[in-house]
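Shown next as structure tokens: one chain only, the form predicted on its own.
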């Protein structure tokens, strides 16, 4: 017979969302156990790569803005509690054609919520941001409420604070089975069962494998590639620059960061036109999370190099690259809440490549749902029971 542990809440997965949920529970005095199959801050999922963007005039939909505002508050709270700088405030550039999602979406969100912003004409954009090479007719929307999150540091801080507040953390502990139950769901780690009042499942790309009871929600795991490109000119515009997202006329939405090390600039592709392929590079290829994403190759290097060429003072051959996974829902909105076939469980998943910035607020919402069964945070649009 294996060991049986008992607690109030188990958090499965201590990545972006699970680490925040565990800290929120522990700081409230809720007995909790966090279970992670690797180690917090690992590179086997979607929460590594040294930097993540946070922005407020949200191009994915104005309805996200209240939630990202809550996330700003929660990130500040984590910084205060940890004594660490986890968010670098840089401002944001959204650029593209006037009717592109980057520009029109940012303007719509800013107008709907009264966000402070500046809309730059093509000439103004070129003059203000000479380190960007804008195509003829491209405009830009600039907002001050944007910046860089440090993902590994944020996860590490949340897990450390959770431990200090009394949470038990199990690392190197793959979950083999989760048994839903309205009164005492159980998480199995090998032959050890952890019985609880509630279980928060924040397992990222492994969610559907751990929860075979879920119907087919259309969740898919996809590969993405990041590249760090060398600075070749005056580093000042890049070291003191803004996070940015740019919409190309071929359907590519890509993004980048100011230089954090004074030597390189990191860029990545978020989305491309459906079915698009460039020299063999295809960002939407499926991934088995047990194997992980295929390592970056020459096609990835060439694709990212073409985008790096849109920046002045940046080389087109990356010094290094990394692959990660997106866990996509059909509508690219998140899944946060309860499912009727998973009694006793709280689900967090399907963050579709744009979830990290919300992790602090997601963690607070998950803790609310586990503790009280409800939350005042604006998560209605993420109901896992919604039609897909």
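Positions refer to the first chain, counted from 1. Because the structure is a prediction, the values reported are computed rather than measured.
The same protein also exists as the form predicted together with a small molecule; that form is not shown, yet it is the one meant from here on.
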Report whether all of 42, 204 and 224 sit within 4.5 Å of the small molecule in the model of the complex, measuring from non-hydrogen atoms.
yes
Examine residue 16 and determine whether its closest non-hydrogen atom to the small molecule in the model of the complex is within 4.5 angstroms.
yes
For residue 354, is any heavy atom within 4.5 Å of the small molecule in the model of the complex, or not?
yes
Please tell me whether any heavy atom belonging to residue 46 falls inside 4.5 Å of a heavy atom of the small molecule, as the geometry stands in the model of the complex.
yes
Taking the small molecule as it sits in the model of the complex, is residue 64 near enough to touch it, meaning that at least one heavy atom pair lies within 4.5 angstroms?
no
So which of 211, 253, 217, 173 gets a non-hydrogen atom within 4.5 Å of the small molecule in the model of the complex?
173
Partner-contacting position among 321, 342, 30, 325 - heavy atom within 4.5 Å of the small molecule in the model of the complex:
325
To test your reading of this chain, name the stretch in 174 to 182, 124 to 132, 86 to 94, 191 to 199 whose heavy atoms come within 4.5 Å of the small molecule in the model of the complex.
174 to 182
